[in-house]
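Here you get one chain, nothing else, as structure tokens; it is the form predicted on its own.
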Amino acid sequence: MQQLLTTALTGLTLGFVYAAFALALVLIWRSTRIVNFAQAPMAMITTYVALLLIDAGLSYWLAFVVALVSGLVLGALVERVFVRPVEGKSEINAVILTLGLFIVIHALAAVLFGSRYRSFPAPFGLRGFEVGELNVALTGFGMFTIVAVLVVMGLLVALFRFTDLGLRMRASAYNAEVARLLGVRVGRMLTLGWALAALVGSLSGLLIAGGSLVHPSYMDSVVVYGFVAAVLGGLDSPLGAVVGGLLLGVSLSFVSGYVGSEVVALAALVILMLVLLLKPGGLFSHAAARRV
């Protein structure tokens, strides 16, 4: 019973971590139709910004806010400087560009911050609590992660469903030419999409780093599992990203706890293949209506 409860709660917390990163992928996909593989190293950079401020004596929450703002600015800069020149061309160009940025940002981080492991603090406790004879493996920081991800998901749903800004962002992503004819400033919408996605990515980097160790590659595994979570739920659905993250996190936690940690990556690959074979658009995808 104790192992079952611990495995489930560990998977739940891990799932929300994957969901946080999947939300960043979903946001940039909905606003630009690009899968950004550089999202992880961009989040890593802003996490290091927070760590430098904390080491300098600033409070955790001030460093937290500065890291999020840094992500917002970094996302806008990357879109303006690197992505804008290839926009309007083949979509694969932008994807390959993000893979190149993935490598370059890694190398840059190793030069600027070094390659050694560094401890990153957490604002809340990292120990679970006891109920009778059971140890509940749900920490204060874990509950903060769950609340943060749910709030971000709710904000994204509200943005795309209930605001004119979200509608303009979606129009710019789906058909830039028609959006321009309707008066939408497509360039600004794409920049905003990258900036907001980088902000959400920065949040995921901070949540993953809390109470753990950071180094230039600490987000590499998360980008893989976050991508699987986003595909599992559907790249167009913020709710799907969260559900996909939870299903993946709990599934991999049970695989690790009852089968072995060495087959976790294989299990993630099997889940991805099953989704692509049975429901390629993800669990929350909708069939596109076509007028004949």
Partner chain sequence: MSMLAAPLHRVSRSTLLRHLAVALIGLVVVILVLESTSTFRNAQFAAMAYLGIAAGGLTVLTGLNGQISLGHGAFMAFGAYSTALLYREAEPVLPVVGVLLVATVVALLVGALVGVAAARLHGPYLAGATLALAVAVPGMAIFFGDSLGGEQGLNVRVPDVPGWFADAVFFLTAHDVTASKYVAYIGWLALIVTFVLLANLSRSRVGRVWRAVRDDEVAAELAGINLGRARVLAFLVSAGCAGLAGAVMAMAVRITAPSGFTLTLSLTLLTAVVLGGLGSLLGALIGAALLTFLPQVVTGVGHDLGLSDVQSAELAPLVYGLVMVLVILLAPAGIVGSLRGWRRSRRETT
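Between two forms, the rigid core is defined as the largest C-alpha subset superposing within 1.5 Å. Numbering follows the first chain given and starts at 1. Computed from a prediction, not measured in an experiment: that's the story for all the values here.
The same protein also exists as the form predicted in complex with its partner chain; that form is not shown, yet it is the one meant from here on.
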{"query": "Partner-facing stretch of 161 to 169, 145 to 153, 216 to 224, 200 to 208, counted where any non-hydrogen atom is within 4.5 angstroms of its partner chain in the predicted bound form", "finding": "216 to 224"}
{"query": "The single option of I92, V178, V157, V73 touching its partner chain in the predicted bound form, heavy atom within 4.5 Å", "finding": "I92"}
{"query": "In the predicted bound form, the one of V243, L252, V231, A63 near its partner chain [non-hydrogen atom within 4.5 angstroms]", "finding": "V231"}
{"query": "V69: touches its partner chain in the predicted bound form, heavy atom cutoff 4.5 angstroms", "finding": "no"}
{"query": "V49, heavy atom within 4.5 angstroms of its partner chain in the predicted bound form", "finding": "no"}
{"query": "4.5 Å heavy atom contact, L9 and its partner chain in the predicted bound form", "finding": "no"}
{"query": "Exercise: I45 in contact with its partner chain in the predicted bound form, heavy atom 4.5 Å", "finding": "no"}
{"query": "Triplet I103, A110 and M273 all within 4.5 Å of its partner chain in the predicted bound form via a heavy atom", "finding": "yes"}
{"query": "Flag for D55, CA shift 2 Å or larger between this form and the one not shown after aligning core", "finding": "no"}
{"query": "Exceeds or equals 2 Å, Cα of V69 between this form and the one not shown, core fit", "finding": "no"}
